[in-house]
Every structure is written in structure tokens, then in C-alpha cells.
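Quick setup: one chain, the form predicted alone, written in C-alpha cells, and binding and motion questions come after.
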Amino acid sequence: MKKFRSMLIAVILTMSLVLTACGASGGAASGGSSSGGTIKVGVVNNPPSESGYREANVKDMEAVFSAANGYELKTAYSLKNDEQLQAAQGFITEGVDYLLISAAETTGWDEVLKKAQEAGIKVYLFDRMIDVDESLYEAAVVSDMAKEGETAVKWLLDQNLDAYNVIHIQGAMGSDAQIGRTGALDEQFASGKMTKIVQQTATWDEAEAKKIVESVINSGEDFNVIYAENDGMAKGAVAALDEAGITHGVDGKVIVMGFDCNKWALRELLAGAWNYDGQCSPFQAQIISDLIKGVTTNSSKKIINEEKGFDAKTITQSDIDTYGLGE
């Protein structure tokens, strides 16, 4: 009998150890990781120096996908699509659990995402859409860039100007933001309701935008609208106007429009120096983290950040405090 009891105790202890080991293994699996519960995330993004929007976006990613929140974060930053593709391939080779992408261009991503899928790596898009089959990514947490453009152009049409002579300063060509914010304005050019004085990319750069406006001023062509596809480029455009002594804003000759809603840009609206700024939310990280950890059950392939546009005549300090980016 004593021998039987000893054997029974040994069996029970063995089963207990096995169950404990299985429980530990199951915990790692539920976290989506193969490295002791830490979730490996590779983020391919544009550099924080691109704009105030991007700086806020990068900081948000770093804050949410932190070691304190159970993540091992790897990042790669570039404005060039080929460099982003190489970085994504590198993360796949390293064996990350999740790959997050804000693409410099909308095309060229099919093969890399297929390789990620073959490797069992789940892909989330953020900030910008890309042209791939939706089966290649889990979800896209993005702004509706086309709606941003439509909202801005509708506001401009509502100003009922006698003529619309527009300097259109574009962002990085081929990016989702550029395509979306350009589309609605191109429709107005095609219809003849607005006149395209110049349409040129400054690749999100303030200094390049200033050069574009200086060139138009020096040519002597008449214009009364500057539609810049981010705040930094609008700032560069205004610098050129100021140097030439051309008035702008609520009581000025030239309407100034930007996008992203940096706090400093919204203050320009409040002061009446600019006329319009379109919101673009940089905060997608927590939504993606909730999807990864199963906190939310949103099954949509495309999750849209709700956004608005701000008018210099109606904006308040409360709007700046609530919606403004940075300091």
C-alpha cells in the first residue's frame, strides 16, 4: 500500500509540472510572441523630421509599443520607398511578430507583404493606405486623405471668391496623403472653377515650399490662394509672402491653407494670419496595440480616424488645446 501511495504521489507531481509548463507556453502564445511573452514589432515609417505630424506619430508609436507595455520595438525611417521596402524585408528576416507600415508610396509592396504572410508575420498599415490585396494585411488604421482634400476644397469654394488663382504645393508624390489631398483640387482645376498657377511638390519641406512661392512672385503671375499639403510647407509659403510684402490671412490678399493641425499652425489661424488647417490625426498606435492584444474585436479592414477642418474665423483656444499637435 505504501508503495502504491508513493507511486501515486509521483504521478500527481509529474502531471502538475507538465500542466505548469503548458500554462507558461500558452501565455507566450496568447501574447503573439515567441520570445518569453515579449511581442516583437517592426515599424517602417517616415522620419520624424518630415513634419510636426510625423514627430507626434513617431512619439506615439514609441510610447505605445514600449518595453513597459510588453513590446520589443524595432524601427526604420525613410522617405524613400525602396529603403522602406529593404527595412521591411530586414524585419521579416529578423523574425518580428508584427510588421507595421506607413508607406512612402502606395505601390511596390506586394512581394514584401507576401513574404511576411508566408513567414507568419501579421501586417498592420497605419497613417497611409497602399495598393495591395487586403488579404495581405490584418487592418489599416488610417486617415481618409481623400476626405481631407474634399473637406478643404469645399471650405475654399464656400469662400465664394471672384476668382481662384491657386498655388498648389504638394507633398511627397505617390504618397497616400499627397494623392488624397490633391484629388479634390485637381477636380476643380479640370472643371475650370479654379486656375492652377503652379502645382509642384516640395516633398513636405518648408524651404522648398518657400522657393516655389518665391518663383511665382518673381514671375509676376497673380494668385490669391496657397493650398499647401502640410503645415510646414504652408509656413515656408508664408515666409515668401512676408518677404515680398504680400498680405495674407483673414484680411489679406492671399488665402493660406495647410494640413496636420500643429499647435503653432492653429495659432496662426487664431491670429488671422492663416485661413484654414485640415486635421490629420497621428494617433494610431493604441488602436493597433488593442487589435494585437485582442482588447478590441473590431473586424474592419479599414479603421478611419475621424477628422475635421478649422477656419480662422471660428477657431478657439479650446480647439488648439484639444486638437493641436506638439507645443
Partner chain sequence: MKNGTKKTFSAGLGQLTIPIIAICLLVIFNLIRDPGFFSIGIMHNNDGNIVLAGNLISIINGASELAVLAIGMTLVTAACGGQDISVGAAAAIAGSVFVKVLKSVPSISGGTVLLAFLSACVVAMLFGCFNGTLVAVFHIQPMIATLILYTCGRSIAYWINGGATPTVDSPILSGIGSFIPGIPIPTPVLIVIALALLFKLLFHFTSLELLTQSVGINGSAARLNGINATFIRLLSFILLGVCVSVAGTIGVSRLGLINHETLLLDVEMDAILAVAIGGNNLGGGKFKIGGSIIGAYVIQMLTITLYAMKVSSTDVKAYKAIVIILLVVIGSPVVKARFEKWVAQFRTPKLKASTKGAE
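Take the two forms, superpose them, and find the largest set of C-alpha atoms that agree within 1.5 Å; that set is the rigid core. Positions refer to the first chain, counted from 1. Note that this is a predicted model, so its numbers are computed, not measured.
Heads up, the form predicted in complex with its partner chain isn't pictured, but that's what we're talking about next.
Partner proximity in the predicted bound form: E327 to its partner chain, non-hydrogen atom cutoff 4.5 Å = Answer yes; at least one heavy atom of E327 falls within 4.5 Å of its partner chain in the predicted bound form.
Would W109 count as a contact of its partner chain in the predicted bound form, using a 4.5 angstroms cut-off between non-hydrogen atoms?
-> Output for W109 is no: heavy atoms all beyond 4.5 Å of its partner chain.
Any non-hydrogen atom of Q159 within 4.5 angstroms of its partner chain in the predicted bound form | It does not: once its partner chain is placed as it appears in the predicted bound form, Q159 has no heavy atom within 4.5 Å of it.
Can any non-hydrogen atom of I197 be found within 4.5 angstroms of its partner chain in the predicted bound form?
-> Yes - in the predicted bound form, heavy atoms of I197 and its partner chain come within 4.5 Å of each other.
Interface segment, criterion being heavy atoms within 4.5 Å of its partner chain in the predicted bound form, picked from 179 to 187, 89 to 97, 115 to 123, 242 to 250 = Every other range fails; the passing one is 242 to 250.
Within 4.5 Å of its partner chain in the predicted bound form, heavy atoms considered, which of E134, E72, D82, E221?
-> When its partner chain is considered in the predicted bound form, the option within 4.5 Å is E221.
Though its partner chain is not shown, can you say which of D144, E150, E105, D205 has a heavy atom within 4.5 Å of it in the predicted bound form?
-> Exactly one residue meets the criterion: D205.
Against the rigid core, is the Cα displacement of R267 between the shown form and the other one at least 2 Å?
-> The answer is no; the displacement is under 2 Å.
Rigid core fit then L79 CA moved by 2 Å or more between the shown form and the other one | Yes; that C-alpha moves by at least 2 Å between the shown form and the other one.
Sense of the change in Cα distance from Y77 to R181 in the predicted bound form - at least 3 Å versus the shown form = Here the pair is closer than in the predicted bound form; there, farther apart.
Looking in the predicted bound form, decide if the C-alpha atoms of D321 and K59 are closer or farther than in the form shown; they differ by 3 Å or more.
-> Compared with the shown chain, D321-K59 is closer in the predicted bound form.
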